[in-house]
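Presented as structure tokens, the chain that follows is alone, the form predicted on its own.
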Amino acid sequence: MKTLVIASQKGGVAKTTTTTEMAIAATSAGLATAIIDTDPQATSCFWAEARGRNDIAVASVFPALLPSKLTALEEAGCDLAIIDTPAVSKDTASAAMRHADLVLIPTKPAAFDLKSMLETIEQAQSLGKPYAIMLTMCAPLHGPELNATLARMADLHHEICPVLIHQYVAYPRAQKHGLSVQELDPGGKAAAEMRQLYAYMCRRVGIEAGLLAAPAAA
């Protein structure tokens, strides 16, 4: 079983969106997938409730129970566990990262978000975990802020996910109904970038992504 951790000390950077989208992509590719929600706000759990299906296991788990939960999932035949973490909770993020095969660090291209991103990077580095910065909430028309952020990241020599996540209206629309953009609008730009992100994640953690296909419209 592989474990993907979505972590950032900043809120509102699309952690839960990334979690649920990757879960849908993996499930559509034929992988047994589970979401572990460690955020007290339980946003992934609310998404699952709105979804009203049992195709993806979603559970709220206290950080101290993560080892036993992950062991149980692996014994049950889970292929991919995705851990959604809260903002401003370094202890919870570290507890999750200890089990990570990859830490995705979503961040908006803005000054205060970049500061929080560097703190999360330090956590991953201190634990010796592979990580990648993922730029989210990018304007569809790229401006100087995004270009400056990319240049800054290149100067710091951090791994940058090559897929940019844009601020498309399809994301909140899908979340509201417990869907992914891949289901809501399979042919849309948001769905395309999520499939690209999934393929990148698979390469980084060593998952075979050959079964990946666009889900049918919901």
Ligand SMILES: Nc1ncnc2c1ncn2[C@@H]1O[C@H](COP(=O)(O)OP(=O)(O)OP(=O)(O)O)[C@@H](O)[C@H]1O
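All residue numbers are counted from 1 along the displayed sequence. None of the values given here were measured: they were computed from a predicted structure.
Just so you know, the form predicted in complex with the ligand exists too; it's not on screen, but the next bit is about it.
- Of the residues Ala148, Ala110, Ala72, Ala87, just one reaches the ligand in the predicted bound form with a heavy atom at 4.5 Å or closer; this is Ala87.
- Proximity to the ligand in the predicted bound form, taken as a non-hydrogen atom within 4.5 angstroms, holds for one residue of Ile165, Ala191, Ala34, Ala26, which is Ile165.
- The candidate spot formed by Thr3, Ser94 and Gly128 is out of contact with the ligand in the predicted bound form: none of the three has a heavy atom within 4.5 Å.
- In the predicted bound form, Met137 approaches the ligand with a heavy atom inside 4.5 Å.
- Remark: Ala14 counts among the residues lining the ligand in the predicted bound form, judged by a heavy atom distance of 4.5 Å or less.
- Proximity of Gly187 to the ligand in the predicted bound form: non-hydrogen atoms within 4.5 Å are absent; the residue sits far from the partner.
- Put simply, Gly52 is far from the ligand in the predicted bound form: not one heavy atom of it is within 4.5 Å.
- From the list 26 to 34, 150 to 158, 168 to 176, 61 to 69, the contact stretch for the ligand in the predicted bound form under a 4.5 Å heavy atom rule is 168 to 176.
- Taking a 4.5 Å heavy atom cutoff to the ligand in the predicted bound form, the contacting residues in 32 to 55 are Asp39, Gln41.
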